[in-house]
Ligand SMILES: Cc1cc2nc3c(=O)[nH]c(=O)nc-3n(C[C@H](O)[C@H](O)[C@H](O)COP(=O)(O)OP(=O)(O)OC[C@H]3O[C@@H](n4cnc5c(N)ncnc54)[C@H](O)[C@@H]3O)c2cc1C
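Okay, so here's just one chain, in structure tokens, the form predicted on its own.
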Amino acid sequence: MVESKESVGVIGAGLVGALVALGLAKQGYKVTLYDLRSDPRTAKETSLRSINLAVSERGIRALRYVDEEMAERVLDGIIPMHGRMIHDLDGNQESQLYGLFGEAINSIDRKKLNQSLIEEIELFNSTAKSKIELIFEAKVTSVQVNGGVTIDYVHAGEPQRDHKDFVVGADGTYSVVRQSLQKLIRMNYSQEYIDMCYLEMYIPPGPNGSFRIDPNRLHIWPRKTFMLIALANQDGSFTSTFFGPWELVESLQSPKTIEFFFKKNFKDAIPLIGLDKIIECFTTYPRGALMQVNCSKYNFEDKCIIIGDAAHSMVPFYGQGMNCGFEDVRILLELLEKNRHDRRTAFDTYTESRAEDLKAILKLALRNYHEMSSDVTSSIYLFRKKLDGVLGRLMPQHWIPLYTMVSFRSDISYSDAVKFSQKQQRILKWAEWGAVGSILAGSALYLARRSK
């Protein structure tokens, strides 16, 4: 814990910002948390775009690192999903397990989790001598970190300026902190819009709050270039999200074309969502864009560091966006502790050690769309997955499927998981060729015997 009351401004009170604010405050820093939005506990819901979250081991470990009891409270009511449920064109369902030994990722509502973390800040403030200051509806306009740290923002219509010892940028994809940082350091930066948009829909609960489809599976209707997914909520409902190319979505303009499209591709989803609601979604709901942001480095001396989507916004197809952001928090806090709060060393070490991992998970997230929308119905993919699982169960210390390493093994970094998986994939390909060779040799021997 820091002895002096060093002050930090955390920009962004979303999931990552709220967690890092709590973590820094528990380490003894004097924290001010700024956010452009209203308090999520009292704000009216105006957005119709909020992809449900899947919290897995990396995220849970980070929450527990900050506070074990807090983690139990904010994770209360999560719904374990032990695998995917694949829906084919005829409405048949096939389960594909995620883990080797019953592991699960967990469905959780984004807004509820954000509200819970803000409540945890208030709970911390109720007993702490140095409280976390919350400033909502604060539009941060600039952050200056060369020399002293100043944060300029507009609150209640009035321009304000705060002075801090350092700043943490957790202000998302369009980060103001990152933009300020780019002016001071040689930052590599890339931004890529994906030719894909999403629309959120809703499956209401059944009688007495019952689930109308299996709540312990992530439901996927894979259709190669587009797909529909559904994750369970505590009240028996499901948040359903359609992903597809912009051109496809923009072509679905009239009720008739939408009805024809869904009857052809998702006929078993129509009675779950309701045809009128589907049409309403496609004709009136906002369409969310999907974008990836990657950059390095992440800090300027001991004055500024960016984490979460500000440093690595990713598409949602591996379910690691929040988990990766929470892991950022844990690693940063661990480095501060390890280096006795020598921020310069901790920040520099974070940048050096984190860059390859973040590049790796960004690539995996993008690649996993193809797996979810197409590969899950491929016989070759299913053969490899089964063989992968068999080897993982027979040799758990020596063979670990990639999904297991990413989602259930936070002791293995993202980049190491990719390297390990590449070696395993080469072995699987050799096994495939061996199996094909055996079949061909057997067939040739059979035909030779018959010809005699």
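Numbers for residues come from their place in the sequence shown, where the first is 1. Just so it is clear, the structure is predicted and the values come from calculations on it, not from any experiment.
The form predicted together with this ligand exists for this protein as well; it is not shown, and the discussion that follows is about that form.
- Screening 400-408, 60-68, 31-39, 382-390 for residues having heavy atoms within 4.5 Å of this ligand in the model of the complex returns a single hit, 31-39.
- For the chain shown alone, residue 316 is a contact residue for this ligand in the model of the complex, at least one non-hydrogen atom being within 4.5 angstroms.
- Shown alone here, residue 272 lies farther than 4.5 Å from this ligand in the model of the complex, counting heavy atoms only.
- Under a 4.5 angstroms non-hydrogen atom cutoff, this ligand in the model of the complex lacks residue 9 among its neighbouring residues.
- At a distance threshold of 4.5 angstroms between non-hydrogen atoms, residue 240 is out of contact with this ligand in the model of the complex.
- Annotation: in the model of the complex, residues 83, 222 and 376 none come within 4.5 Å of this ligand through any heavy atom.
- A heavy atom within 4.5 Å of this ligand in the model of the complex is found for exactly one of 367, 131, 110, 359: 110.
- Between the options 197, 79, 279, 176, the residue in contact with this ligand in the model of the complex by a heavy atom within 4.5 angstroms is 176.
- In sequence order, 170, 171, 172 are the residues of 157-173 having a heavy atom within 4.5 Å of this ligand in the model of the complex; the partner itself is omitted from this view.
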